[in-house]
Every structure is written in structure tokens, then in C-alpha cells.
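Next up is one chain by itself, shown in C-alpha cells, the form predicted on its own.
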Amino acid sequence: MIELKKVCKNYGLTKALTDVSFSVKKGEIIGFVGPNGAGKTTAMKIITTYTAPTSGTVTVGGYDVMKNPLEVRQLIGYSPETVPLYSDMLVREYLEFMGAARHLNGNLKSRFDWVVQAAGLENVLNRKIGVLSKGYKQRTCLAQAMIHDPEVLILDEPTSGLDPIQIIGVRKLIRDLAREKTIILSTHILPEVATMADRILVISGGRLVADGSFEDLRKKVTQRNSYYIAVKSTKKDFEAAIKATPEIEDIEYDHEQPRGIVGAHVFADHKVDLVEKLNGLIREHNWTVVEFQREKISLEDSFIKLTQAATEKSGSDVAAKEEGGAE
């Protein structure tokens, strides 16, 4: 449905995007994450035809964003981070205006009623947009993005300014819409991406540094699996048992456990069945288990490691070029 091939975008000497390539299938929810200034919004603006790429190609529904911008815009609903609203208009007037601009004609009433209910705007239809709370402004912008029933939704920070109940409602709406639409959403709320997105694209320094599910990204940044175990034992006996198990690579003790209980984070290679190894030790030494659970690297930790690695690589590349130039 959406395809980017070697997309670059330069603003003078500043490279906002460098060789960005990815594709999105119909019905997928893609989470777009990265540090501030990484290039997420630039990529979204290119997809929505708001700005042109310096090089590379972008297609939406088979249409090239440079050659067929009007056809692309008909397919897309866009809710940017900075909400573009007319503050002197009533919410009702604004949505009717946007529906007319989209040439809905006879379908306007049915689409109007649907987006008002979906975005939860029933109570503010006759209020001026300028006096709305940030949350209601965000929902009004989301409603205009959906009013023409687009095949593709591009949502930049869609839950910004919403209260917890509204956030849950928007998340459910996005998941429901994904049954028949393609959605790209950008957010700084990392657990939100893990909750809603089928795939996560991580961009850093204008480059795509990772593409996959949360589990894919987690495995990309760590080659070890980890379990936390707490048992009734002496530290001496526990340590001797661990050292006698060569598959266990590392251990970090939990010093918060009370006397008579040993707690530790145990690490091994992903190929090792750490559950089987630890259960074998439990049976062999007749330990009473107080706690035993798998540990996973958090989305935040994955994000930090991926973007740090990209930054370090970029710095190394620049240094290498400068050194080469000096020669």
C-alpha cells in the first residue's frame, strides 16, 4: 500500500532523511518512533505530499507522490502533530467544510455522523474550536482526517493531550480501523507503540535503524535471555551450583532479599533453554522456589540501544570520512 525506496531529504546542508526504504501492507499498523529531530515528521510529510523528497521514490496505493499528488491525497487522511484548525469555526462547521472540500456531497451526512461518534465530539459540535481543550482539538483533527473514509491514515502523535479514558478510546478506534485501513502513527509514548502497532520502525539521525515487531527489536539489541530466580538457599551453595552449569554466562545478585533467600538475575545465550537448566538445579538441590520469572528488555531500553548504536555508527562514519579526506 505504501512504499519508500531510497528516500533522501535535504534542507540545505542538513540531511533530514538518508536512504530510507520500507513498505507497508494494507491493514498494517506501523509505529514510527525516534528521537526528536530524527526525521519521522519529514517522512510523514513526504508520504502525504506536503513536501517533496530530494531523491528516491514514494508510492501510495500505486500512485507516485510526485507524479500523482492529487490521487495520493484522495487516499490519505492526515492528522499532523500541530493541529491545523480554524479557531473561529464551530466544530460542526469545520467538519462540514472539510467534508465539502473532500467532495463527499451525498455521503457527507453519514460520514459526518460516523466521525462525530467515533471521535467523541457529540458534546462540542456547537462550540468554537478556539475555546476547546487540547484534547478536543486533537479529536477534531482526527475526525477531519477520517471524514472521507481514506484507505490510509497518517497520525502524528494521535493521543497527545487526551486523558487516559480518551486514549483508550482512540487506541481501540485505531485497532478497529486497521481491519480495513493502513495506518502509520508516530508517538513518543513507547508502550503505546507496542500496544497498537504490528510493526515498529525506528528512525535515528535520518536513517531507518530497525524494522520489526517489538520482539524482533528486543532480540536485535540483546543476544541473551534472562530469568530472575529467588530460592531458599545459602549464597555459597547457590553460587556453586550456578558455576557448575557452564551454559549460564553471567549472574547478578539481588541484595534486597531477606536472610535465607538468594535472588539473582541469571543470563544465558538465546540458544540455551534456561528454564530447563534452572529447573534442573531446583530439583537437584531441592530448592524451595520463592520467585521465578522471565525478564524482558523494555521497549524503552530497546529504543535507547538502537538509537545509540545508530548515533555511534554515524559518528564513526563521519570520522572515517574526515580521516580519509585528511589523507
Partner chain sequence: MNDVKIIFNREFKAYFYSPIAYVFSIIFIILNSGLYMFHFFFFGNADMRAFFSQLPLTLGLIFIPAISMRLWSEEKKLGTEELLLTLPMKTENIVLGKFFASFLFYLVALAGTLVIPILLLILGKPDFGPIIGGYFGSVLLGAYFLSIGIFISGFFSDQIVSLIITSLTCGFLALIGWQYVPMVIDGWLPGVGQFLYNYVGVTRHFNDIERGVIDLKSIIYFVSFTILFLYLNAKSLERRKY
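Positions refer to the first chain, counted from 1. Note that the coordinates shown come from a computational prediction; the quantities given were computed from them, not determined experimentally.
As for the form predicted together with the partner chain, it is not shown, yet the points below apply to it.
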According to a 4.5 angstroms non-hydrogen atom cut-off, is residue 277 in contact with the partner chain in the predicted bound form?
no
Is residue 80 close to the partner chain in the predicted bound form, meaning a heavy atom pair under 4.5 Å apart or at it?
yes
Is there a non-hydrogen atom of residue 144 within 4.5 angstroms of a non-hydrogen atom of the partner chain in the predicted bound form?
yes
Can you tell me whether residue 103 touches the partner chain? I mean in the predicted bound form, with a 4.5 angstroms heavy atom cut-off.
yes
Contacting member of 137, 73, 181, 199, with respect to the partner chain in the predicted bound form [4.5 Å, heavy atom]
73
Listed residue that, although the partner chain is not shown, lies within 4.5 Å of it in the predicted bound form (heavy atoms), from 242, 85, 190, 230
85
Partner-proximal stretch of 22-30, 267-275, 63-71, 285-293 relative to the partner chain in the predicted bound form, 4.5 angstroms, heavy atom
63-71
Between 1-39 and the partner chain in the predicted bound form, list the residues on our side with a heavy atom within 4.5 Å.
9
